[in-house]
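Encoded as structure tokens, the following chain is the form predicted alone, with no partner shown.
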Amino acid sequence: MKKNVFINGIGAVTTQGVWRAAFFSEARVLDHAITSAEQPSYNGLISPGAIRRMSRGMKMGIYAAQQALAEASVTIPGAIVTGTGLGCSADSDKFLRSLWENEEQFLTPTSFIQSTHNTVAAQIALQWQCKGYNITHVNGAISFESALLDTLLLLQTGEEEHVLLGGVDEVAEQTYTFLQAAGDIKADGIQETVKNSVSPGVNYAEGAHFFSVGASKTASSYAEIIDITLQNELEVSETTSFLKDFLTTNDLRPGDLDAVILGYNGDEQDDLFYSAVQQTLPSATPLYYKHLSGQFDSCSAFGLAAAAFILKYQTVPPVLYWNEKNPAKTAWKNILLYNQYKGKDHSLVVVRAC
């Protein structure tokens, strides 16, 4: 029999600041092409010398991991599982620029070493002396979901009791310039939100989100993670069967879902998929989050944090509602999360109040 899996602690460094009680009540809607995360003070957590050397992604990851572990009262996690789309891309940019400017001579390997995708997970392991299972999943827009699937397998099979699960991506100037030139990111100077977007591309950002996940419910538990499914490619017309098959597998009916958190990002073609799922679940309250997090490969971790918040405190922050008319609900039990990017890398996750 599969064991239950609970979110027992959350930590985050985002465009809305760090994870805190007033996180959603103080949130602001993003309307710039690229938004960097609000950086906290790292003094006392990371040595001054290391602060200067570390990339933004590494520092954000360590801070968010510390928050999640502290909230769950976990000293050393049994395993560290992370997901990232581009890794520490700022150091990759730095190394390649140095390679070009110095004509491939007199190069130091530091930036290259720190640019590898598993650097954040490795630094966290060194920080807490965690010598257990440590892996980073790099799988585009479902990098975090791939890490979540791995985490569920570790905990449901009893291989681990506590797992530190995370997703990290950082803004890198050169990489994002290329994405902007390709039309994936909105042009500089355009100020549009997810809801009023009419131009090509999306609002990009960065962030680090970590979850202390365990096989036992604790006083700090937010929610129970029930299941996840992934699909590489789907047509809009296939989303209904994809959704219903997932619900059937978990003995759920569409009417059992109190809310569905959708990855609306302002891209017209992307949003067609979310509209299709929303129409399939007319009784589920539609919510969204990328107007607060921005779009990046592991941003779906922000959506999971939002779902966990709702289920723990049994309230939906007004800023998360997709529609202007909010339903009068007194209890939130089952929440579905649906995310995809450019019609690929589809994921469904269902979480439940515990």
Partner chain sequence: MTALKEELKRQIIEVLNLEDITPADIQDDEALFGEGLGLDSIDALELIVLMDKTYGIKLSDPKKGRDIFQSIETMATYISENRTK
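Keep in mind that what you see is a predicted model, and the values were worked out from it rather than measured. Positions refer to the first chain, counted from 1.
Although not depicted, the form predicted together with its partner chain is the subject of the following passage.
- Pro109 is the sole member of Gly255, Pro109, Gly189, Gly158 with a non-hydrogen atom lying within 4.5 angstroms of its partner chain in the predicted bound form.
- This chain is drawn without its partner chain; in the predicted bound form, the residue among Ile76, Val236, Ile113, Val138 with a heavy atom within 4.5 Å of it is Ile113.
- Between 28-36, 300-308, 45-53, 284-292, the stretch whose residues reach within 4.5 angstroms of its partner chain in the predicted bound form through a non-hydrogen atom is 45-53.
- For the chain shown alone, Gln269 is not a contact residue for its partner chain in the predicted bound form, no non-hydrogen atom being within 4.5 angstroms.
- Its partner chain is not shown here, but in the predicted bound form it comes within 4.5 Å of a heavy atom of Asn102.
- Residues of 161-190 include none with a non-hydrogen atom no more than 4.5 angstroms from its partner chain in the predicted bound form.
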